[in-house]
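The chain below stands alone, shown as structure tokens; this is the form predicted alone.
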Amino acid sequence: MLAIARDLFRYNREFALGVALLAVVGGVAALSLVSPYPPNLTYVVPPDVPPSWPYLLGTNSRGQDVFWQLSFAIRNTLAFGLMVALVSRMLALVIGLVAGYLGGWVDRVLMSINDTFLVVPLFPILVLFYFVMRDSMTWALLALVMAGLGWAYDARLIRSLAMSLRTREFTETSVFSGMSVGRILAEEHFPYVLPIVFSTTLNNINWAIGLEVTLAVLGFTDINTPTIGGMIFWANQHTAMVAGIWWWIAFPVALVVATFIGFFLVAIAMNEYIDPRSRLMRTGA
């Protein structure tokens, strides 16, 4: 992994720029650990103060310092995206590898379930879920629901590679040596699909963050947990743009856009690295 990162930094400017953006975003999120204000307290600072030296990003109409509130919001938003991506990757890995390797009726059953999730309209289902579970809606519960809906496309991608791997000589050698199906998938096939998993994880984080921000702005999430979408929701509730409190919306939007761009650049760099021809062209070999 260190050698891959070194090559990407050396030959791929998109990767270096993406990592730099994500480092800035991660630094802002880490500052939430030393915040002088609890995230949910209101009217702890003078409201509606524009950006200045005491308040670098200004304050909002709820009496909160936008900078420190933004650090909590981006931390929770990143954690949400990571949680969705990790859980959905585990589902995609298990289903994709098992379906591709075993084939037959197991493959048909799993891919029938997979295709069902592919055609399900996610946004209406999440909105319906919010109205059904409104009284018990939590940040973690929404993440688990989104993870359960966001694995199908990548599972089919992993399955296609697993179908190719099962015909390779090293797979036949593993079978003849008495290795179990679980060991073959974990020790022989998993390393081959790992680059694809890493790349799709970054794309899935962006998808999860974008959907969470959309739901939060509309008020269809737990608005008591500070997130980027939650900040924009409260800004809209207080008509921030009409009142001229532009910094309440501008800085959260700028930070989440930087997050999207960072993950996108790293993802396309990884996709290019996975393709041997693109990698050789980039390195000049």
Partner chain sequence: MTSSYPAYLLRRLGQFVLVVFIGINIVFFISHATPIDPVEQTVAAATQFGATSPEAIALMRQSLRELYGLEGGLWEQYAVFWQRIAVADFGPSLSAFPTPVSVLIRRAAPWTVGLWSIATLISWSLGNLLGGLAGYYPRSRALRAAGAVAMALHPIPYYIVGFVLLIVFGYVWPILPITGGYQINLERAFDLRFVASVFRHSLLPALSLILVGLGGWFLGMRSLVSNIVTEDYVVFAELGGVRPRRILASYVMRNALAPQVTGLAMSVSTIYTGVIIIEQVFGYPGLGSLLVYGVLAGDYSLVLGVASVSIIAVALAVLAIDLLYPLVDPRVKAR
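Numbering follows the first chain given and starts at 1. Everything numeric here is computed off the predicted structure, so don't read it as measured data.
We do not show the form predicted together with its partner chain, though everything after this point is about it.
S.K.: Which of 238 to 246, 29 to 37, 49 to 57, 65 to 73 has heavy atoms within 4.5 Å of its partner chain in the model of the complex?
M.R.: Partner-contacting stretch among the options: 238 to 246.
S.K.: Under a 4.5 Å heavy atom criterion, is Phe9 part of the interface with its partner chain in the model of the complex?
M.R.: Result no; Phe9 lies far from its partner chain in the model of the complex.
S.K.: Please determine whether Gly178 contacts its partner chain in the model of the complex, using a 4.5 Å cut-off between heavy atoms.
M.R.: No, no contact at 4.5 Å.
S.K.: Evaluate Leu21 for contact with its partner chain in the model of the complex, applying a 4.5 angstroms cut-off between non-hydrogen atoms, and reply yes or no.
M.R.: No, no contact at 4.5 Å.
S.K.: At the 4.5 Å heavy atom threshold, is Phe220 in contact with its partner chain in the model of the complex?
M.R.: Yes, contact at 4.5 Å.
S.K.: Using heavy atoms only and a 4.5 Å cut-off, decide whether all three of Phe80, Val94 and Ile196 touch its partner chain in the model of the complex.
M.R.: Per the other structure, none of Phe80, Val94 and Ile196 touch its partner chain.
S.K.: Would you give me the residues of 230 to 265 that have any heavy atom within 4.5 Å of its partner chain in the model of the complex, in order from first to last?
M.R.: The stretch 230 to 265, when checked against its partner chain in the model of the complex, contributes Ile232, Asn236, Met241, Val242, Ile249, Val253, Val256, Val257, Phe260, Ile261, Phe264, Leu265 at the 4.5 Å heavy-atom cut-off.
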